[in-house]
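Shown here is one chain on its own, the form predicted alone, set out as structure tokens.
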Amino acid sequence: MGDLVTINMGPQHPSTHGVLYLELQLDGEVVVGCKTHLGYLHRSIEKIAENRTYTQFIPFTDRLDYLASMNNNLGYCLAVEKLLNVAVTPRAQYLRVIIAELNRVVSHLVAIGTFAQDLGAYATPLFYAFSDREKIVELFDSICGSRLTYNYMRIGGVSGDIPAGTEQVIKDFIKYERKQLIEYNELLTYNAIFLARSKNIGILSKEAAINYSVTGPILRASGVKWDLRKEEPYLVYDQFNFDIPVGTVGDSWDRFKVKLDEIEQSLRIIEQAIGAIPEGNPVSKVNRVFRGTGEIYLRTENPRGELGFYLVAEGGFNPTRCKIRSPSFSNLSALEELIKGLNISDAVCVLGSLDIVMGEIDR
């Protein structure tokens, strides 16, 4: 080992997927050490929750994982509903599943496109992914009036019914996206250069994934078949048939492939839900403000893994304690071990495959 060189990767580096700062120790171009520095996006989200009413905090959840705002809304609303014993209508439950799975597709499309760009695929896969994403974003805009920090879930249901014609738009998208998945496989999955850059790079074993509390597609890529939609079903997920894609090696390619396969499974769930939406009002009649007493923890399967909300209430209009368990934080914790011994270009590959969002890591 020669003289070690310390370099800073980030917090402005384009492949850090946000304001992440990695302090890398290099022996030549080989990574021998890594320190992860966080906090550049810290906004005291948990403390804000403790100083807002339960309803007022919903828009702040959009800013956690800002690529999966609907899923964040959902996880928080489910936690509050459990705490306050608020009922949700059957129609609202189906709409929530459809919107949550559409947002999962949106999130995975961004992950796939940016990962390919991190590996030097220039802009073509990214443009493909964002072109597909745009179709769902336009739909979300018509439903909730926003194109990024979507806000549709409410305590007791959703903000309103879906506009006329939405079901047909979703059905058309499902047909379109299934054809696009074939394109992604031809463009990336079995591309010789893509395979050379991602296969057997950053292998995360099943045991290490469990020890690091990794969840979501990153955990499943390591061969652990765990998904809260199956293991601890919420809403009406237990009424749908879908598979849980898993990897075999736990490398960067497996992490990419699991996300791509999960898009098809989300389309299956949406297709079944669209054909079975019950009639009724998706908006429950609830109070504008709530008083709660008790202590609960609720977790949901977000695009990046398990998102958990721990709430403590002592009778006021707002929780006295809110703790958020973000999947990206645990997933990122494995990075230092994964990139030791790799070339610095492969470290970029591993980081991209982890698909982190700094908004929910720093909070």
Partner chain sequence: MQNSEILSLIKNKFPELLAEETPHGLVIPKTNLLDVARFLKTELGFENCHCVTAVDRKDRIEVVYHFYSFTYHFMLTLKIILSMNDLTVESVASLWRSADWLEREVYDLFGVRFLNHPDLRRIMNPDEWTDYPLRKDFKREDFIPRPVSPGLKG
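Residue numbers count along the first chain shown, from 1. This one's a predicted model, so the numbers in the text were calculated from it and none came from an experiment.
Omitted from view is the form predicted in complex with the partner chain, to which the following refers.
Within 4.5 Å of the partner chain in the predicted complex, counting heavy atoms only, one of 25-33, 319-327, 66-74, 53-61 shows up; tell me which. This holds for exactly one stretch, 319-327.
Residue among 241, 85, 211, 287 with a heavy atom within 4.5 Å of the partner chain in the predicted complex: Selected option: 211.
Suppose contact means a heavy atom within 4.5 Å; in the predicted complex, does that hold for all of 299, 306 and 363 with the partner chain? Every listed residue reaches the partner chain in the predicted complex, so yes.
In the predicted complex, does residue 39 come within 4.5 Å of the partner chain, counting heavy atoms only? Yes, residue 39 sits close enough to the partner chain in the predicted complex that at least one of its heavy atoms falls within 4.5 Å.
Does the 4.5 Å heavy atom contact test between residue 134 and the partner chain in the predicted complex come out positive? Contact check for residue 134: no, nothing within 4.5 Å of the partner chain in the predicted complex.
Distance check, residue 18 to the partner chain in the predicted complex, heavy atom within 4.5 Å: Residue 18 lies outside the contact set for the partner chain.
Are any of the heavy atoms in residue 172 no more than 4.5 Å from a heavy atom of the partner chain in the predicted complex? Result no; residue 172 lies far from the partner chain in the predicted complex.
Just to make sure I understand: among 224-238, which residues lie within 4.5 Å of the partner chain in the predicted complex, judging by heavy atoms? Read in sequence order, the residues that approach the partner chain (within 4.5 Å, in the predicted complex) are 226, 231, 232.
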